[in-house]
Structures are given as structure tokens and as C-alpha cells.
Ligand code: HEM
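First, one chain by itself in C-alpha cells, the form predicted on its own.
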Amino acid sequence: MTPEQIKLVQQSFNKTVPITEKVAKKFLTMLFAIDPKLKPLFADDPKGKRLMATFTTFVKGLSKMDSINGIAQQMGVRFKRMGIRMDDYMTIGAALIETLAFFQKDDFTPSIRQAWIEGYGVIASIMIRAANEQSI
């Protein structure tokens, strides 16, 4: 990710802070519409509060990856234990990006979308790698 892409992601995400609960609800609705079998995996966070806190941590940490690398690895192992598979990361990423696009409308430009794709890809790849290295 370039420094400009990191800045775009962080600025874009900051727009969701005042409406975090709405964003979380829409994200979960979109996610479960895309793949209903993921619903039980998020049963312990029905309003998406922990999920949004995690997204916040990752977005803030994009500018200093070494500070979130360990968190992403731990989360990847936890996700594997929860039953989240590699292809589920694509579904989660798609739901996240479409949720942001829904709320940001015309402000969600192609360059911001691409920055989010890159950013999510970086974090997801760390999580997937850690999950694959972990034996349950």
C-alpha cells in the first residue's frame, strides 16, 4: 500500500465514526445476505461492536504495520478456530467495501475503493497466513 492509499482508507473510515452502529448493522446485514452460513460465526457480536473496533484498530494501524501485525495474526488464528475459511475473507471484504460505498455514496471514489481493496488485502493476507501456519 502506498502512503496515499493509507491516507485515503483512514480518511474514508473516519467518516463512518459518527455512525458506527449503523455501519456495523449494515455490514452484518450485507455479509449475511451474501453468505448466510457466516451468521453463526458472528453470534457473539450481534451488533458488530467488536468487529467495528477491530476494523478501527486495523485502519489506524495501516500506517505502522508492525503495530498491528501481531493482532492480525492472532485474529487469523481465532477466525480459523471459529470456522472462517480462506474464501470467507473475500466475502467479508466485499461486504465491508460495499457497506462503506453505501454510506459514502459519491465520496467513495474508484481510488478510495481500490485503496480499501489493497488495505483489506494486506490485513487479510496476514490473517490467512497465520491461520494456515496454525494447527488446531
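Sequential numbering from 1, following the sequence displayed. Computed from a predicted structure; not experimentally measured.
There is another form of this protein, the form predicted in complex with ligand HEM, and it is not shown here; the text below is about that form.
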item: Touches ligand HEM in the predicted complex: residue 127 (any heavy atom, 4.5 Å); value: yes
item: Non-hydrogen atom contact residue 101 with ligand HEM in the predicted complex at 4.5 angstroms; value: no
item: Ligand HEM contact in the predicted complex: residue 120, any heavy atom under 4.5 Å; value: yes
item: Partner proximity in the predicted complex: residue 47 to ligand HEM, non-hydrogen atom cutoff 4.5 Å; value: no
item: Of 28, 62, 84, 97, the one that lies within 4.5 Å of ligand HEM in the predicted complex (heavy atoms); value: 84
item: 4.5 Å heavy atom contact with ligand HEM in the predicted complex for all of 8, 11 and 23; value: no
item: Within 4.5 Å of ligand HEM in the predicted complex: residues from 34-55 (heavy atom criterion); value: 38, 41, 42, 50, 54
